[in-house]
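Form predicted alone, single chain, as structure tokens, below.
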């Protein structure tokens, strides 16, 4: 297991380098000039003075060749220094540290809601296979999973904010501000969690050891908890782990709709304003989070299911 983890860590570093490098050069080959975009954001387009643009070029080393900028940036990354944000004129790492807890809070709340609803619903659906409850849950999860996040978010705002006035429309003004964005983010997760839990339970219920346990006269509740649910748990752990890894990048749309001050909205601003240092910092963090969660899921999966063995290959 230790050799496997070390190998995965090395692969993670390679993935981080590859993704960040591709993102860096893709930004630089897109039309437009970064210094001009910075001046436009600072002045609102009212003062596009050439001298000011030249000072911005020198301030951020934008007058140097792209490969020189890249290697300077790469050296900074090794020191955990992602540079200065073009838009906010603040260290990228400081901005990320300030926004990341908000995204983590929103995402973990959504994952908790997804598990709280999806796991019991998936279990009940499997136990009532091909009955009314099963058919209803499958149709409902299919419908919920098919609705785009921006549409469900807008519907929730109209109903619960504008009509009923139960929750704020945006921001982090009150404790209830997290409810609508968390529910919006959780809706798509609920569909996946329910389907995977149902599939896992059905697969376990068809196994020979379940037939033997039933023949031995083991109580149904004990059999379902100790045998069926426990053996179906690894698959759902994988899904939840992937959902946690997806939070960092997948919350961009939800955070933008609800003006939630998290990493997703920061990434959206970076793309809109050609803020290369901020974009690179966010991409690296998202890639690291996703790969790290994948590694953690593999380790937990092996711990839950002793039959899983990871080799060097």
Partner chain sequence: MKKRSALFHINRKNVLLILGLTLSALILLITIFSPLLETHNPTKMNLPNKLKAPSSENYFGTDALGRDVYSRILEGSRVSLGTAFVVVIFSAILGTAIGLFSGFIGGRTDMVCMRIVDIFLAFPTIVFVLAMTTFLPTNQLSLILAICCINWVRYARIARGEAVIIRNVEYIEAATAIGNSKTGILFRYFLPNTVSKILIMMSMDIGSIILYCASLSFLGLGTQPPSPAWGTMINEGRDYIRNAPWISIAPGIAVAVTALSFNMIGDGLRDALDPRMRESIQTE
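Numbering follows the first chain given and starts at 1. Bear in mind that the values here come from a model prediction, so they are computed numbers and not experimental data.
There is another form of this protein, the form predicted in complex with the partner chain, and it is not shown here; the text below is about that form.
- Although the partner is absent here, residue 206 sits close enough that one of its heavy atoms falls within 4.5 Å of the partner chain in the predicted complex.
- Residue 22 belongs to the set of residues with a heavy atom inside 4.5 Å of the partner chain in the predicted complex.
- Under a 4.5 angstroms non-hydrogen atom cutoff, the partner chain in the predicted complex has residue 18 among its neighbouring residues.
- With a 4.5 Å cutoff on heavy atoms, residue 236 does not count as touching the partner chain in the predicted complex; it lies far away.
- Contacts between stretch 153-192 and the partner chain, counted in the predicted complex as any heavy atom lying within 4.5 Å, involve 154, 155, 157, 158, 162, 192, listed in sequence order.
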